[in-house]
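Take a look at this single chain in structure tokens; it is the form predicted on its own.
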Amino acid sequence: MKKIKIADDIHMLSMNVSDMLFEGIWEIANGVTLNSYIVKGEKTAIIDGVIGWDGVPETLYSNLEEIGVAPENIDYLIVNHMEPDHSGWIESFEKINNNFTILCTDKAAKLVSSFYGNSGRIKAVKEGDTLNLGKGKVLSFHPVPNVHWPDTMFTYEADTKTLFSCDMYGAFGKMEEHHFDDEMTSEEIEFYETEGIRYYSNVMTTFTSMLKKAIQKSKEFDIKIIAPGHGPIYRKNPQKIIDDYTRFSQYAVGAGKNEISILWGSMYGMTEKAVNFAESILKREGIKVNKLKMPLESESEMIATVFKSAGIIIAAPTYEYKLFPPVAAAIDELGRKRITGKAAFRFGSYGWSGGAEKELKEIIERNNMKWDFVDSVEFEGYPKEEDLIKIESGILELIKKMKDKTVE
């Protein structure tokens, strides 16, 4: 666990975690940070926490003491969000301190009580409520429901103009030497762009409409520092991560980078022949290609890559009168995540009968995905010359559809 001063009398305690599935689902190949914040006035508050992930609560306590905070003297626990990666340490904390107050939203209060007990210690806060810690440190509380749980809130510290944004403005990816935006190399900036997209698409995108409201709420504050629950701290240019999240929210409803992702599967190589042809056409046209072979690609990577692409090619054969199951499952998960409005084109092989196209339409309609499709191309067996001509035409039409959706 690392101790980093982010402003006068405000410290971050951060630990890297890698050997886990985030939320028990999402592969995080590059790990994730869990960030906790200490705000000291005459009284002391801890915002979120990380005990429970390493199984050793003493890790946090010894780090607190090194920054001049005795754990038994902490007055307030601020729970911005009740998900256990932010709150799982409460039960252990109570063993050394039985004189603290938990501040959280009304919806979080019910969850704290049901997860950990502590109902007598909880004080529910509402929009604009404040907590004066003394020595100029005043915290205010601002609910941002469904980012991405219904209980989430921002905490804002007025003296240093720091927004503790919880899961909002977070990213996957471990932090090693550099923890602030103004310390990052160009490679690290690119790394957190990629990991931010992965984080948003895997964890947040279902709730994009509510995240847009949270982005607007962010603009109500005079912000010098954004301190999220996961990922880097933004102090040089906090507007950048706000702009990034605005862009990510556009990706969720059809926009994307000038890229095409080929979401594909092939039983015996017939559809794969057409995939290889499609890749050659896209390279000729100067379009970046992302190939996602299902079921070999992880679900986390598949969602993130489709999410950020302005155009999607679905290349999959008919299998038992339906769409090739690994590709069908992937599209269904994209629908569940409410990734809508993408420009798309599908082609694929069939043997004795078709049926893939029918199931694709059922998935798109059932999930209300509103993808804008070019007419599909199906071919019996391997793709003949006339099929490849149709596929090339479909790809060129897809590229035209992408033009109004491209947002870098």
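What you are looking at is a predicted structure, and each value in this text was computed from that prediction instead of being measured. Throughout, we count residues from 1 along the sequence that is shown.
The same protein has a further form, the form predicted together with a small molecule, not shown here; the description that follows concerns it.
- With the partner left out here, the small molecule still marks one of 61 to 69, 349 to 357, 28 to 36, 367 to 375 in the predicted complex; by a 4.5 Å heavy atom cut-off that stretch is 349 to 357.
- Using a 4.5 Å cutoff between non-hydrogen atoms, I189 does not count as a contact of the small molecule in the predicted complex.
- The small molecule in the predicted complex is not approached by P228, whose heavy atoms all lie more than 4.5 angstroms from it.
- Among heavy atoms of M267, some come within 4.5 Å of the small molecule in the predicted complex.
- With a 4.5 Å cutoff on heavy atoms, D106 does not count as touching the small molecule in the predicted complex; it lies far away.
- Only one of the listed residues (N202, T208, S261, T318) places a non-hydrogen atom within 4.5 angstroms of the small molecule in the predicted complex, and that residue is T318.
- T271 is the sole member of T155, T271, S218, T305 with a non-hydrogen atom within 4.5 Å of the small molecule in the predicted complex.
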